[in-house]
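Next up: a single chain in structure tokens, the form predicted on its own.
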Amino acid sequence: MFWRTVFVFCLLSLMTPQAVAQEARPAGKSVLLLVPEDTALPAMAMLVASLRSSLWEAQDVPITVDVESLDLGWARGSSYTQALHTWYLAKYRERRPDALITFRTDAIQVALQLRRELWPDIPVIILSEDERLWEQQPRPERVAGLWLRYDMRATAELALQLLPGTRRLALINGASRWERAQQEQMVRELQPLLTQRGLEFIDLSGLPLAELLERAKTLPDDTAVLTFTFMTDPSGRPFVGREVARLLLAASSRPCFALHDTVLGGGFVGGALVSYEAVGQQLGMLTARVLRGEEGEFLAPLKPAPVDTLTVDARALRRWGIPRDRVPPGVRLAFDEPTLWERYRWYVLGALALSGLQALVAAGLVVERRRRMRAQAEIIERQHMEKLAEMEARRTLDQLAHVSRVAAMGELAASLAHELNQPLAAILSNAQAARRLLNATPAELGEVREALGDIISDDKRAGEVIHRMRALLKRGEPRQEFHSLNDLVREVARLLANDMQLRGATLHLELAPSLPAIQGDGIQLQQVVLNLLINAMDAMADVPAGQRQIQVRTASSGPGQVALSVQDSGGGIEPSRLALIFEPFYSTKEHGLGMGLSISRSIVEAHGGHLHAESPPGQGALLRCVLPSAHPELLS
């Protein structure tokens, strides 16, 4: 404080009386505004700006507003007050303002004293937070003013309505003389409420800042915090109220309430907030009336300034989880902006719905894909099983076909023996003849050569018979080769020639001269021809000898087809049995297995053809086999 006093006296010593006296006065009217605190503080800055603006709007002539910051909150002591008084006496001795404006009790005292010594007749416009100031005697003359009340009780009642579980009220305030005076007033106003509601009062006023913040961290859960200002601590250390508020809000474990609208939005829940803009505006309008000479303002008592409004910060409500329906009717809800959810709810819901649909579609596609893959796997498995079954059936068919061929060859044993006996007998006869010719004198070498040629020819013939038998009895894997249907028929006809002769049957071959080739297994196709011819011979067993005729025809039955028909001269097949003769184990013969025609049809169908039977009246049975021809470029 000492340095401030020294600074004031130094300035006084440097300024000459002429300089002070000759300071130019502004044209029009002028007012001197004595601000109790630093004008850089948000509340003071807002009040001064609003007052100046209001005053300029209400006056028709130019008006100068001189602002002096007294710093009464941060400075203390009688020496500072005396130095300040001396400085303003020197500065304004020759600068008479048209009015003096000030507010707050301590600043009002400084202003009234200054007026008594310099300009006892100028009007003073005041804003006092102490309504009893007007009751002091002697009552100051030419003083008009407003009464500003910091309504801590209304703030406490608002806190209790928002936090109905509150059992303790904590009050935070600074340690300056003015702050202590205001606290006494507030405690007096709170006392009835504390008694009525049975609340505990926690006094956190006048504590060092560090201790205050530490206490604020550990407040009980049922506590509501009321704050006023914090300009100085007990040691006189000055603080900026807004910075202390920021630290308090960060440290406090409980919701905090305030009285100044300048801190709204920083995290306070709310309170009976004083609007310093409204205060400045009302002071400006009152000053304008005084400057216009309205003397009645000096006679009226201090009027209450309705500049506070119960206000709640909607964002702080959400932060502390306070339901909005607890906000009393008539309370202003600040920052009641819709949340991101409320603002973009439909967009979010739309996006979620779209995402949900996409997820459903994706899930559906995944399910469908899995179902399709499972179906494909089942199809592949079924195809595999069907292929295995088909292979097994084909293997069984091959076995049955082989058995059938062996059985057929067994039936042909007598004829085959007879056929083999002929070349063997001829070989023996020709060999004996050759030996006799060689023993003759002279030897008949030419006839010997002829006999040896016959021996070789008969041996080949016997070898061919054996070869055909071995080929037909051979069992192996089916082979896909190109064959001439006529050659297959001739080969089987030669094999059955003796058997037909023994059975008294005559075979007539009517083979097409030019016939496309067929593709398949030659042994199996020969077996079909063999089964059909044997079946024809069996069917003529009851026909008298000489009437047993078998007609074998081959033809090109249509585009891409060749046909083989075998017709006997037997008794034919009853029409009701035509559909049964191809069934397995169905036989009209006493010792038949009933597998020959069944195997033949299976072989034909395996080669892409079909086999069916007819029974023309009086013409025996006709079995017709149709097979696909090979590709055109493979035709023989």
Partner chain sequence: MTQAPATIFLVDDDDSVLRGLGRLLRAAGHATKPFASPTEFLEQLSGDMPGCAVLDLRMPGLNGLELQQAMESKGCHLPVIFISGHGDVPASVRAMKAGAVDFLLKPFDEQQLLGAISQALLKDASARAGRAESAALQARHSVLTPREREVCTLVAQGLTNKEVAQQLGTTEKTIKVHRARVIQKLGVDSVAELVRFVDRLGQA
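Note that the rigid core is defined as the largest set of C-alphas that superpose within 1.5 Å between two forms. Positions refer to the first chain, counted from 1. Because the structure is predicted, anything quoted here is derived from the model rather than measured.
As for the form predicted in complex with its partner chain, it is not shown, yet the points below apply to it.
Taking 200, 131, 450, 98 one by one, only a single residue has any non-hydrogen atom within 4.5 Å of its partner chain in the model of the complex, and it is 450. Among 246, 180, 326, 436, the residue placing a heavy atom within 4.5 Å of its partner chain in the model of the complex is 436.
Not one of 189, 191 and 260 comes within 4.5 Å of its partner chain in the model of the complex, counting any heavy atom. Exactly one of the stretches 283 to 291, 212 to 220, 555 to 563, 436 to 444 approaches its partner chain in the model of the complex with heavy atoms within 4.5 Å, and it is 436 to 444.
A residue is said to contact a partner when one of its heavy atoms sits within 4.5 Å of a partner heavy atom; residue 538 fails this definition for its partner chain in the model of the complex, lying far away. In the model of the complex, at least one heavy atom of residue 422 sits within 4.5 Å of its partner chain. Although the partner is absent here, residue 113 is not a contact residue: none of its heavy atoms lies within 4.5 angstroms of its partner chain in the model of the complex. Its partner chain in the model of the complex is not approached by residue 359, whose heavy atoms all lie more than 4.5 angstroms from it. Counting a residue when any of its non-hydrogen atoms is within 4.5 Å of its partner chain in the model of the complex, the hits in 478 to 515 run 501, 502. With the core held fixed, the Cα of residue 434 is displaced between the shown form and the other one by 2 Å or more. Residue 546: CA moves 2 Å or more between the shown form and the other one after rigid-core fitting.
Taking 2 Å as the criterion, residue 421 counts as shifted between the shown form and the other one: its C-alpha moves by at least this amount when the rigid core is aligned.
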